[in-house]
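Here you get one chain, nothing else, as structure tokens; it is the form predicted on its own.
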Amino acid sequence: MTGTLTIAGLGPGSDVLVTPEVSAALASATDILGYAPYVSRVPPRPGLKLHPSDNREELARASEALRLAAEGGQVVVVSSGDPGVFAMASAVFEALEQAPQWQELPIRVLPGITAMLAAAARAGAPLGHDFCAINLSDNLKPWAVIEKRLLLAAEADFSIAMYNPRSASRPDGFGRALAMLKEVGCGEHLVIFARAISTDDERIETVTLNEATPEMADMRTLVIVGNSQTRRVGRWIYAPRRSR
């Protein structure tokens, strides 16, 4: 097999946050596959084929990438943020598990800056102590699992980074998540709403959980719920390094 498959993270939005390693992979690619808005971030050039696809076609996209690489292509599958965080790296390996004939392909996973880390940097240091990340989409797991993980994270006093909080097809889940966290005593915890970080549409707002409403988030928003010790210092938000 002369082809290669690279799974790359494009970062949160701005081109300046794409790593040099990812830029080099894109420059040498023959084929770019990914969700259409992410593929559109890659400039067209002679010799490069762009393969945009819909949001819920991850496994089909991964299988196509494996096939193209097996045929000799220098293939790059792109994700926003980091490809290993709720993104395409897992989908590629899931497809690979079902296709043993391609398991000797040269595959690389190139990290990127996640929305969670970009948002935290803009706000200060809200992930400065123990934290977890939870995807609020119930497309691939039942809501009961999300609920259990949120409650256990709150009980352990983790800061919680919430991905995919609210969409047109899932308008109610985020409100339920906020209500659950209020019920278990997190009402005074600080909540950061970080939308479209590093783009022209960037917006950051910090309120207490009691003041938070579902309408403050959409699919371009990363939400960080602070732990019980998360605090303000001037215009910044941070989690102390020590725990009581």
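For clarity, every value in this text was computed on a predicted model and none was experimentally measured. Numbers follow the displayed sequence, beginning with 1.
One more form of this protein, predicted together with a further copy of the same chain, exists but is not displayed; see below.
Enquirer: Does a further copy of the same chain, in the predicted complex, lie within 4.5 angstroms of each residue among A27, E64 and R203, using heavy atoms as the measure?
Expert: Negative, none of the three is within 4.5 Å.
Enquirer: Test of understanding: in the predicted complex, would P165 fall inside 4.5 Å of a further copy of the same chain by heavy atoms?
Expert: Output for P165 is no: heavy atoms all beyond 4.5 Å of a further copy of the same chain.
Enquirer: Just to confirm, F174 within 4.5 Å of a further copy of the same chain in the predicted complex by heavy atoms?
Expert: Answer no; every heavy atom of F174 is more than 4.5 Å from a further copy of the same chain in the predicted complex.
Enquirer: I'd like to check something about E97: if you look in the predicted complex, is any of its heavy atoms closer than or equal to 4.5 Å to a heavy atom of a further copy of the same chain?
Expert: Contact with a further copy of the same chain, yes.
Enquirer: Do T114 and a further copy of the same chain come within 4.5 Å of each other in the predicted complex, heavy atoms counted?
Expert: Taking the distances in the predicted complex, the answer for T114 is yes, it comes within 4.5 Å of a further copy of the same chain.
Enquirer: Residue by residue through 118 to 148, tell me which have a non-hydrogen atom within 4.5 angstroms of a further copy of the same chain in the predicted complex.
Expert: A118, A121, G124, A125, L127, G128, H129, D130, F131, C132, A133, I134, N135, L140, K141, P142, V145, K148 sit within 4.5 Å of the partner.
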